[in-house]
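Form predicted alone, single chain, as structure tokens, below.
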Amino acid sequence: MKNAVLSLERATFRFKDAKKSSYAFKDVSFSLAEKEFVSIIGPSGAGKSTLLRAIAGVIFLTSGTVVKNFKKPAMIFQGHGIFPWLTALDNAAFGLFMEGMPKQARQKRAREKMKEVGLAGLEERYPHQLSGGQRQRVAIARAIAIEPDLLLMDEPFASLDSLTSTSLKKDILELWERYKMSVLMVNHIIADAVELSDRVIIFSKEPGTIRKIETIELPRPRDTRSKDFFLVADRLTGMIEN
């Protein structure tokens, strides 16, 4: 793929312990273009989150290759992954702290990003003083604060109520368009993948392999109540169930 920020060729990861070994995913090949939004969906245990960690460099492939043409990735974890002992502001500024940005500058940028995700006025609160949706917004602010060219998201809407999830999806789409970054999202909610994505990668059962890559040709903004939307969602659901 031309202008790919990420390319995988026969990427494989195998868990090993003293008694047995098993594949999380096997022979996975795809590319992600600049400014593209791609989702990975599939049954539980198909290795989707493990693949995301391999792309982020948290774990290493057993075999295959990952070509990384991005300069700065950021990741939003399932369950937000923010630190309970830091304020919302310090959590949002954490990536900048790791980059060595001076305190005054990083707090200024973190405040700006918190305002962008609707958290102005909550900077001094600790995670236990925030709702689940607010904690996930802190995680988003932390990610965009470092100005990534690749955003990885692992089940970003898990455990959120429908109203919070709807609001968060709208914000993520706005940030994607504003920052013109590539996005790779793992998600188990098919309708979310159809609503947000340019393409959807459908994983098979364990071990995870690519069953099909589906281009979503619905116009943006997506009408989630339209007949065409339901037809696409039903088709992808059938691919997973079968």
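Don't overthink the numbering: it's just position in the shown sequence, from 1. Since the structure is predicted, the reported quantities are computational estimates derived from the model, not experimental observations.
Separately, the form predicted together with adenosine-5'-diphosphate (ADP) exists; it is not shown, and the next lines address it.
K.L.:
Can you work out whether M181 and adenosine-5'-diphosphate (ADP) are in contact in the model of the complex, taking contact to mean some heavy atom pair no more than 4.5 Å apart?
P.N.:
Looking in the model of the complex, residue contacts with adenosine-5'-diphosphate (ADP) do not include M181, since no heavy atom lies within 4.5 Å.
K.L.:
Any of the heavy atoms of A24 lying within 4.5 Å of adenosine-5'-diphosphate (ADP) in the model of the complex?
P.N.:
Yes, A24 sits close enough to adenosine-5'-diphosphate (ADP) in the model of the complex that at least one of its heavy atoms falls within 4.5 Å.
K.L.:
Contact between S31 and adenosine-5'-diphosphate (ADP) in the model of the complex at 4.5 Å, heavy atoms?
P.N.:
Heavy-atom contact with adenosine-5'-diphosphate (ADP) at 4.5 Å: absent for S31.
K.L.:
Contact between S49 and adenosine-5'-diphosphate (ADP) in the model of the complex at 4.5 Å, heavy atoms?
P.N.:
S49 belongs to the contact set for adenosine-5'-diphosphate (ADP).
K.L.:
Quick one: which of 171-179, 190-198, 40-48, 211-219 gets within 4.5 Å of adenosine-5'-diphosphate (ADP) in the model of the complex, going by heavy atoms?
P.N.:
Within 4.5 Å of the partner lies stretch 40-48.
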